[in-house]
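Shown here is one chain on its own, the form predicted on its own, set out as structure tokens.
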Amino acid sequence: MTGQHEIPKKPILELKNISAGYADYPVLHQVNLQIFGSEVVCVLGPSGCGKSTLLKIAGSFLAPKAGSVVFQGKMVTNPDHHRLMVFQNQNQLLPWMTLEQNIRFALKHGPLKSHPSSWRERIAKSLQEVGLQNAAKLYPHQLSGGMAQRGALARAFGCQPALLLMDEPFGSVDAPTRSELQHLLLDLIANHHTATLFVTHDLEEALLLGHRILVLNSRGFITLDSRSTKPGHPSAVRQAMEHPDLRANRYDRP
């Protein structure tokens, strides 16, 4: 679990009766979801079940065929700088800009765009939080995969989003780096109190990061109750793996 602070009672994001698909292939059918401030919700499910589609709809990058997205109490249809996406692709940083310039570019188009006097301090703080204070002048091609993902986190949290949407952001790095990034994310979320919708194929990752763990299938969401034991503990992992709905849907792991 992330942190011990109380989760606010009012949802920051509501997905109401969301249906979506591509051509004649349905992906999501009347899906409902609420995410509360400072909460981390992890979504698991087999490939093709609509996890990435769900993220795109939550960020208004994709319009649902039916249903509505309510963010901070208002129905929304367009992306905004209060909902930011972090992808798995290590090339998400703009390659022609240094790491420092990448963060400045995001600030210029984010909630702090009218306060340029604060950008320098914000950039320095963001880089320090992820341990890249000595890499500010490096270009993305000069960064390792783990450093690039830390840079993406610095850029995202530097913009102070209300909701972070994460699509398997650590799936392309090796196991030790993945573990480092997971714990770094826990610290960043605890410090910034950022609500997070996190898609992953890794059950242990979900157990480590999530306040709630949801399995997405054709019937919508199934909640895994993993809070009876310490998150990330082997017994909690075994209990979740034995959940009948998880087994019935042939949960696929890389």
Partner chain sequence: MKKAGIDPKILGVVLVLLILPAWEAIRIGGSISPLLMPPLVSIGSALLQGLIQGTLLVQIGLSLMYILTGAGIALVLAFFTLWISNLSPAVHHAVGILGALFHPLPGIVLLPIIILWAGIGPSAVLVVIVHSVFWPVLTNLQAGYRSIPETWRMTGQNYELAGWKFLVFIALPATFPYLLAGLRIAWARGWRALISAEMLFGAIAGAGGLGWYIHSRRVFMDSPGLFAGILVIMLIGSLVESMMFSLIERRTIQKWGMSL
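Positions refer to the first chain, counted from 1. Since the model is a prediction, treat every value here as computed from it, not as a measurement.
The form predicted together with the partner chain exists for this protein as well; it is not shown, and the discussion that follows is about that form.
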query = Residues in which of 116 to 124, 178 to 186, 81 to 89, 68 to 76 have heavy atoms within 4.5 Å of the partner chain in the predicted bound form?
reply = 81 to 89
Residue contact check: Leu93 to the partner chain in the predicted bound form, 4.5 Å heavy atom = yes
message = Can you work out whether Lys56 and the partner chain are in contact in the predicted bound form, taking contact to mean some heavy atom pair no more than 4.5 Å apart?
response = yes
message = So in the predicted bound form, is the partner chain close enough to Arg150 to count as touching (4.5 Å, heavy atoms)?
response = no
request  = Mark Met166 yes when one of its heavy atoms lies within 4.5 Å of a heavy atom of the partner chain in the predicted bound form, and no otherwise.
outcome  = no
task = Indicate whether the candidate residues Phe36, Lys51 and Leu216 are all in contact with the partner chain in the predicted bound form, with contact defined as any heavy atom within 4.5 Å.
result = no
message = Only counting heavy atoms and a 4.5 Å limit, does any residue of 153 to 174 reach the partner chain in the predicted bound form, and if so which ones?
response = Arg155, Cys159
